[in-house]
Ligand SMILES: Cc1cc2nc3c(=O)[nH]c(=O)nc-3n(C[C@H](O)[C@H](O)[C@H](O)COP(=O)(O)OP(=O)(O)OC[C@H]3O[C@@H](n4cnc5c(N)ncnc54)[C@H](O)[C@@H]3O)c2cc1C
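Next comes just one chain, in C-alpha cells: the form predicted on its own.
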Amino acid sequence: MNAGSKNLDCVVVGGGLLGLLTARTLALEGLAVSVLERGSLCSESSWAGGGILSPLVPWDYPGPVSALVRWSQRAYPRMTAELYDTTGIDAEWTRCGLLMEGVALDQRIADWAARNACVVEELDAQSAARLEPALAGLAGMAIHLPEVAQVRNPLLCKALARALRMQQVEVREQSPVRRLLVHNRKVTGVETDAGKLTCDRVVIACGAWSPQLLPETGKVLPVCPVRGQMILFQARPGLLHHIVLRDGYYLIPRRDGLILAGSTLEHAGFCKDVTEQARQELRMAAFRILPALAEYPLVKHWAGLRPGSPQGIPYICEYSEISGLYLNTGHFRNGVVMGPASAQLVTDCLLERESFTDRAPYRL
C-alpha cells in the first residue's frame, strides 16, 4: 500500500521546529513535501526551549555556529511578520536585549563582535541597574547585547504548522517512520504504520532521535539527548525587560509577565522526568538574579531533550552513504536561533546549489 496521496519530492521526518522550517523552505521552492511526526508537532525540544535568538555566550561557539546564528537573526523579523500576516498567529518576536552580569568586555569578545557585526556594550553596576532596577545588586561589570531578540517558540511552531497546511503541505502527527526504504544505496521512500510513502529525497530532522533512523552503514551520527529542565513564574508585565544571564542561569521575560528560568544540562538518556533537585536549583538561581520573583507563583516545571553534538555544530548535509538522504539535526542548545538558516542550508544542499555559507563544516 502507498500511504501517499500525491507524488512527493521529499519527506521530512520530524515535526519539530527544524522539520517545519525545512518543509516550509522546500515548499517555497515549489517542492511537494510531506512532514511525518512520531508524536505531536513540536512537543519535544522545540516546545521546551526558551526561544532566545542568540547563544547564551555567543563568543564561546565556533565560526560555523555563528554563521547560522547571524543569518537566522536577520531572517527572523521578516519571517515572523510573514507568518503573522498569513496565519494570524503572532510568534512575539521581540528585541529585548541580553544582559550578561559579571562579565567584562575583553579583547576576545571585542574581536567576536567585530567579526559578526554585533553591538556589545560594557556597563558598570549603576548603568546595569538603570536598565533593570529590580535585579539584585551587581558587584562588577556587565555586558549588554541590545540587538538580541526572542520568540515564543510554541507560538512560532503553531504558526509554521498552520502556514504549511495553508500551503497544502501534508503534515502528519502520530506517524512514526519505522524504516527508510533504500534500493541500491538510494532512498526510495519511508515506511510508516499506515504504509509506504515513495519519494526521491528524505530529510532527517528529528533531533535527539535522529540516529535511530539511520541505516546500519558503519557511519555513526554523534547526536545524543541532553536533558534540560526549566521553570516558569507568573509575574507582572514589566517586572523584567531584558533576558538576563548570571552564573550560567538565565531569565527570559515574556510580554504577558511570564518569566522563564533555566536551565540544567543533564546526560540522562531519553528520560524527560523532572526532579525536585533541579526545581530547587532553578528557583534559588532565579531568586538570586531577581529577588522579587519570590513574591510570584511558580506555575510550571518541565524538561526537554536537546540533540547534543560535538561543539554544538549541527549536521546539515547529504548522508554520504545513501543518495537522497539528508540530515538537519544536532543543534544542541541553539535549534531555535539556527533554525531558519539550517532550513535554508539543507534546502540549498538538496537542490545542489551554492548557499550563503560554506557547507563543509556541517558534514558528517
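This is a predicted model, so every value here is computed, not measured. When you see a residue number, it is the position in the sequence shown, counting from 1.
Another form exists, predicted in complex with the ligand; not displayed. Remarks below refer to it.
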For this session: Taking 4.5 Å between heavy atoms as the contact cutoff, choose which of Pro146, Gly195, Pro176, Pro222 touches the ligand in the model of the complex.
Result: Pro176
Exercise. Counting only heavy atoms and a 4.5 Å cutoff, which of 23-31, 292-300, 317-325, 330-338 contacts the ligand in the model of the complex?
Worked result: 330-338
For this session: Answer with yes or no whether Met230 is in contact with the ligand in the model of the complex, where contact means some heavy atom within 4.5 Å.
Result: yes
Exercise. Using 4.5 Å between non-hydrogen atoms, is Val65 touching the ligand in the model of the complex?
Worked result: no
Exercise. So in the model of the complex, does any heavy atom of Gly50 sit within 4.5 Å of the ligand?
Worked result: yes
For this session: Look up in the model of the complex whether Val203 has a non-hydrogen atom within 4.5 angstroms of the ligand, and give yes or no.
Result: no
Problem set entry | Residues of 245-281 having any heavy atom within 4.5 Å of the ligand in the model of the complex, listed in sequence order | Tyr250, Ser263
